[in-house]
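Next comes just one chain, in structure tokens: the form predicted alone.
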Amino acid sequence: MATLAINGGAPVYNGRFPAWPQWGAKEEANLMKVVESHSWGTLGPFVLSFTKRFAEFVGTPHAIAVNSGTQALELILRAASIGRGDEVIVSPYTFSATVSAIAYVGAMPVFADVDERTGNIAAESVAKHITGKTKAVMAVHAGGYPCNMDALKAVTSEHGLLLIEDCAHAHASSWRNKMCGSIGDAAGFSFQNSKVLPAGEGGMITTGNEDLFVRCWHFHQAGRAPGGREELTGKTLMGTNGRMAEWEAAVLDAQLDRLPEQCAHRQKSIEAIMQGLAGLPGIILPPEDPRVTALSGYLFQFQWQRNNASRDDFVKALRAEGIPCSPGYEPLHRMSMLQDTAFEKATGRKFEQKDVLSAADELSQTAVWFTNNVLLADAELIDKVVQAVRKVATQL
């Protein structure tokens, strides 16, 4: 039996994985068009055309290109008149930006627990946290694995709550053949550098709600209405500059061409990994849910649970075999950002977490991630990934 690389043995692989982001001639040509147009921002032709194209891709009648995924979520909340004194139920197993957007508008994030295998917010826990102050539920499709949207829609519909999708990881993921971002009342996407549709920075709001769309537009366009540039004569609403620059939209126009093929490739890699690791002691794989009809492949998340070796030991050993991997999120309810004075000033209240969120806490100690560039490797290299996991799992 081969010795683990961390103990001095030969690694399974000592080469490189695909670089990310990927780009080519169309990105270069589009950027030169922007340079030569002298129209570098403020709802230029690339922004408007990409917005329309992205709405059609997701399957929503309305979209608004903004300058980050964080701001996409914040603007949705502002447009829904959510603020001081209100509560938004959200997952603790996500990046801090999800919760920052809630706090920025003055609302209080209330954490519900997650599904122990997917890391997605659990509808039964959401139902337990609804109060008279609750105005919305924010569903994060963690790693691009869709939330149980049937269960969440049932809960939010029963209580008259807004259902907001955080689709930062979920470009092209689908639930029952409906794209993430087209299922809830509104959604926010991110185009930050690590995302499967990257432009360095940028974001998108999608919605099927006409009134919400108009209010989001007002807020992102300095208070002005869609369809034209209103004069500042008291007809405008409060707003900010949330507009996307032409540079980002030019890159995204080219990146969207690549997205379907890349997502299909990553999904095949996920299927190969799932098959190769099935039944391996210590390895807990994500569920195979027939309602999940497509995956973005932003992350492949599995869990390591073995009494004699921690998840961090597992990650170190797997990295030594030449396989890039990382631990999952630290739950937000345990992060110091919520105890900072800036949080209290934004929300008007101190943060208190009284409930035990056992699944989120457990997942933070067991989750292992392969990022999207690993999943873009060819079949031979994905087989090396499987070999390395099996080697570490059987010998650690």
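Residues carry their position along the shown sequence, with the first being 1. Just so you know, these numbers come straight off a predicted model, no measurement behind them.
Beyond the structure shown, there is the form predicted in complex with a small molecule, which is absent from this document and is the topic of what follows.
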**Request:** Check each of T51, T366, T347, S68 and return the one that places a heavy atom within 4.5 angstroms of the small molecule in the predicted complex.
**Result:** S68
**Asked** Though the small molecule is not shown, can you say which of C325, L163, A97, A294 has a heavy atom within 4.5 Å of it in the predicted complex?
**Response** A97
**Item:** 4.5 angstroms heavy atom contact with the small molecule in the predicted complex for P92
**Value:** no
**Message:** With the partner left out here, check for me: in the predicted complex, does some heavy atom of Q305 sit within 4.5 Å of the small molecule?
**Reply:** no
**Prompt:** Taking 4.5 angstroms as the cut-off for heavy atoms, does G202 touch the small molecule in the predicted complex?
**Reply:** yes
**Asked** in the predicted complex, does R266 have a heavy atom within 4.5 Å of the small molecule?
**Response** no
**Candidate stretches 276-284, 168-176, 84-92, 118-126, one within 4.5 Å of the small molecule in the predicted complex by heavy atom** = 168-176
